[in-house]
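The same protein chain appears twice below, in two forms, each given on its own as structure tokens and labelled structure 1 and structure 2.
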Structure 1
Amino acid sequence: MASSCSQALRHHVCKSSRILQEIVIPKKKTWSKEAVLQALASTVNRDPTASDYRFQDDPYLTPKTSSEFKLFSLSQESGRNAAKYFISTYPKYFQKDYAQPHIPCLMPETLEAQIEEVSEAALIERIQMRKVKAAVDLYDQLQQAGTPVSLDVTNQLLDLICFYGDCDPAQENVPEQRNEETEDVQDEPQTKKGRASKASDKLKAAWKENNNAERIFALLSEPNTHSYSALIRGMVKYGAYSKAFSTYTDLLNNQLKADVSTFNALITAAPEVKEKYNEKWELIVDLLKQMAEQKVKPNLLTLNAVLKALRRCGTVGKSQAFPVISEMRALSIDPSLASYNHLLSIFYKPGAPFQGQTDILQEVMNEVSGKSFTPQDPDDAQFFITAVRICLDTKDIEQAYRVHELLGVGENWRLLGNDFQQNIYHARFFSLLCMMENIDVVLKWYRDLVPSVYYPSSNVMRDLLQVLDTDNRLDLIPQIWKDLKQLGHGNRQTLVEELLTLMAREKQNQEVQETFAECALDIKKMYDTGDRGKVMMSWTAGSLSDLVSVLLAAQRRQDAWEILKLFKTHNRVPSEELLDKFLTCIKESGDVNQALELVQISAGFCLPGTPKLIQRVQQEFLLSEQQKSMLSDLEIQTFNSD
């Protein structure tokens, strides 16, 4: 028995040793240079109390308002551009390389051509440097000298000319400047009512007849698919849609096949050359059939081009959108955020009713929730803005939370767009919160977003005041007023007047009224001194009346009296109700002289309620004979003036 057990043990050990000998050590794993930084970054969340990462190097320049954010951002970018200008203009002074290891992007770029002779190599150099005019001039010199230029190089030149519209490219890294009015914009710029601006609206260059691209193309003895593709894509980009289709016809007549980029451009141009919705769709279908006949496999940009074109096809677009996505998925093409953006834009037009379509957004969110996306299309950056706009229009707070949650997955936040687009997104999201949530939830999000990632406009702050009013939390107004000043809205007259009206409307407990009074006096300072570099506010009868009412409710009679004098200073007329309220406050202190002065102020403004005030003073105050005589004279003057 023992021997059999020992034999079994030896057999097991031998078998185990053979298994160990068969273990294969894996190859060394190669980590990216940013792996450690990425791992560390994944352990940290955004700090809502910290400023944007761009301003953390210099706390003094940490912006506190939206205008400061724009100014500091533009200044920072301007400084970078100035440094790049000097490095590019005087590269010989910046040749020493201090970086270890070498960082190519920190070294001066070669902006001057190194090859002076007229040759194909010199032409390639100018094409790589994106010097359109110089490349065209050199090509003409080669043609005049009888030097042949290869078809590949000529196609590269056509690509360059068509991409930049036969012009030298504009200076890069120039920040987009916006004026002060843009901070109140909560939607995309619109060129016409009901239609969002298109990229083509912003292009100043247009396709010119017989430009250098067409001229060089005409010189080619045997243009190939690449040659036609460059020309067609340039025509579509710069608005020559009919000419693009004519060039495509020439391509087919020459027994050539188009590539996928050519078809994508033509699909984009299809809605521009047809008027009726069904004609636009028929042209798109015809192009897709020709792709199949020519055995050209569509890609993601094809799907997005079709969906973008369907946005211009009305009801036809709604009926064909989902079948198009199904067909593309059958070809193993997964939609990107731009695809979903176009899909939402087909069914949710700004300002249009959403009857029977409210579930489309939910279906889209079911598809994208929890996924991390990478940039694949320029329109990817429009998805979050469009989705939150639909949530705001349909008042769907649940889907808005899902959209915001998707923004935090992976690096989806990179697809939110530039600073202006981020501001639009957060403005819509916060406006929806103010509309649908109670004040506690709104303030939670307010403290999380402001001012670390979002500087709210005066319109959004007005929404916040309405939430305070709805939930009867007016005691928070002084705190909101401090934020208004910090955010640069302390001189927004309509906003300040609304805030004063809320404080003056109902009487609160004494502690709250004291904070209201301090807030009101601080507002008065803004009227007196204004904000640096901004237009001063002007007193209105309503703002003065509200200010007096707030001070009277806090039993600050002397301060209220000083404000009452401002009516005459600024040529404003107080209401009879305000003077009646003031007299009631004076009665509590028994100040007869001030009561008489109040009657004189009322008589000075020739108010119809002056006799009533005189009667109240005569009945409610203990007057001397001289004071009674003075009141009688005022009463006679008032009667004569009537």
Structure 2
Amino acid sequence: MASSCSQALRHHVCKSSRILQEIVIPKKKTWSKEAVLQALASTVNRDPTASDYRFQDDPYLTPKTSSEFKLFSLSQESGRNAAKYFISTYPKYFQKDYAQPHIPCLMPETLEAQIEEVSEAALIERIQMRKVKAAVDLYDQLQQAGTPVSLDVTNQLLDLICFYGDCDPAQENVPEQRNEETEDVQDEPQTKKGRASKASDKLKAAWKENNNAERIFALLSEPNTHSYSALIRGMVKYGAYSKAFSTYTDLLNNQLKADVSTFNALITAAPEVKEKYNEKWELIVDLLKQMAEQKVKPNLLTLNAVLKALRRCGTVGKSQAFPVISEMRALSIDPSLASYNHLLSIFYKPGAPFQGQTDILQEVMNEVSGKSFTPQDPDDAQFFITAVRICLDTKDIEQAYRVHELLGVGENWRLLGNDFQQNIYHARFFSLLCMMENIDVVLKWYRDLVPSVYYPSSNVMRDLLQVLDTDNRLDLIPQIWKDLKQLGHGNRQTLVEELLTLMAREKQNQEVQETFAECALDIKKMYDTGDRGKVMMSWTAGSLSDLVSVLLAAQRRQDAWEILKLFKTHNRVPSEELLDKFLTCIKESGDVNQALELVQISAGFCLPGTPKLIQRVQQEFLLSEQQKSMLSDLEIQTFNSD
């Protein structure tokens, strides 16, 4: 049996080996050390009911509003920074190494230079510690002592000086600056950020004439490509654009070749040195040609620099953007999300009319959808908010869904950027949904996004209320009110008033009216207590009468009566229709005394409709003699006052 089996097997093997000819041994697969963890992580989906992972340690610190979110995440971050600061500032107290094996990142970094003598090694150490001033001083001392410094080290020094613009770097671990921005997410982030970065650039020292970098560079007997590259990049970074170009000419005169980063820097600077769109573009083409001549291979950053420059070339940008991308494709440089972001910005200027370019977004989405991108350029993180802005501008919900889908592919969620950008993205996406979709779809997304990833602003909530209104699902208002309160918008007067108006506007069925009344009383509490004991909102006649009519519709005459008294305390005047409605309600219960009181209130406000009310009371209620005389007194009073 066994032998026949093995014979058959051998036969089979012979046959198959004849077919296969050779056996291909698979290559050994090497796994990264995070492979298992990555596989495990990919099994975890987002839980729309849970808050962000970083807040899950402590349920007390689960943020409910966007300001809490900001506060908690920043305090977490700053706590970490503070700890790091102390460890680095007082390393002598943190010398005990508990970890076995040794974990370097838990130990204090050495921030003080260890080598005291004047030598090249000391210079290298200072360069590595990024101490610009100390390094320059040491270099000068070495020069004075006549010790030669190698070209590589000098280049590193030049890199350091140019990178920091001849100033000592600011303390690292500074908490994020961006978070000062208000929650007004409807604003344009690009312009805002642009302004912010420009302002910070101004704060940074501009490139100074004859600074240390230029001085040391002049001392070099034979500067090489690296030295020039450092200088040019520094000049571009610190705004000395024309100087960068003259340095580049200098480089060419010295029969040297530039490297790719130099060209990238120059391309970035190109729009700054020319005025007209054509000239800018010609300069860029010229630079690219020189790259080709010097056999410098462009990289992705070159592509992105060109596209970014084209953003400032107006119509030329539109005509040249695609050829540039094709050119880079031919060199097997695939565009990153930053490239697509620049492309979109070229074609869709914020605020400008967007005729006939709807399909550019579609083209871009056709290109990118389903792909997983890795971060390669700092501008990559702008893509999603730009794309969703365009969707919002063009009211293109279809593309918005595609953008959102792309976000779920692979590691693309990382490219959505920081919390602020995430908030903008979700705000735009959600407002577009509110605009274009029906209430069921909107609510589906609402439950999915709020509040686990997105804390809507009051504007967006108003959009949501409008959707409720258009699709006639006002019965959901009490739920929305709960969310509103939790999101910290319970004290936004306009929003609350809109809510009251919507509830008061139409008569719903009994159950809904009942929930409305509960909700309205809850709102009233909000007015009374306010936020942290501070009264934030003040009653208006409109909101009070809305409140009264909601309560009346729910047959809560007693509560409504309480509210009616509030008119007097807050110096507001009720409308005649409201009192009329109230009287109708009183009539149903037949409470004569209250009817009289109502008339008195009306008379107290000197409303012109008081005689009519008196008439109604006289006709519709069974009055005692005393009451009749009181009414006629009132009638005379109002008559006299008229």
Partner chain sequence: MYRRLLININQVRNRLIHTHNTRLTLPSTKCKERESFAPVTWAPCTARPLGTSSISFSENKESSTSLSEDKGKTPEETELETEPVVKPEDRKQVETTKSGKESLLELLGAMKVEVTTVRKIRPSKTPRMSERPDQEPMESTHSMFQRAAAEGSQQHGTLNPALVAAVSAAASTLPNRHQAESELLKQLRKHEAIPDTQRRADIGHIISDMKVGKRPNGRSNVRPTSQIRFDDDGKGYTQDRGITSELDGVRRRKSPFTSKRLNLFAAAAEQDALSDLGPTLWDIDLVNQIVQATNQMPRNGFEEMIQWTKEGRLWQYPINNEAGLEEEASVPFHEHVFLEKHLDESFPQQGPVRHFMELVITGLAKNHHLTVQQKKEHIDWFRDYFRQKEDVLKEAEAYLN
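All values reported here derive from a predicted model rather than from experimental measurement. C-alpha atoms forming the largest set that superposes within 1.5 Å between two forms make up the rigid core. For numbering, take structure 1's sequence and count from 1.
J.: With both forms of the chain shown on their own, indicate which is the form predicted in complex with its partner chain.
T.: Pick structure 2 here.
J.: Using a rigid core alignment, state whether the CA of Thr49 is displaced by 2 Å or more between structure 1 and structure 2.
T.: Result for Thr49: no, shift under 2 Å.
J.: For Leu61, is the CA shift between structure 1 and structure 2 at least 2 Å following rigid-core superposition?
T.: No, Leu61 moves less than 2 Å.
J.: Taking the rigid core as the reference frame, is the Cα of Asp97 displaced by 2 Å or more between structure 1 and structure 2?
T.: Comparing the forms between structure 1 and structure 2, which are aligned on their rigid core, Asp97 does shift its C-alpha by 2 Å or more.
J.: Taking the rigid core as fixed, quantify in angstrom how much the C-alpha of Gln594 shifts between structure 1 and structure 2.
T.: C-alpha displacement of Gln594 between structure 1 and structure 2: 2.5 Å.
J.: Mind pulling the C-alpha shift for Glu625 between structure 1 and structure 2, with the rigid core superposed, in Å?
T.: So the C-alpha of Glu625 has moved 4.2 Å between structure 1 and structure 2.
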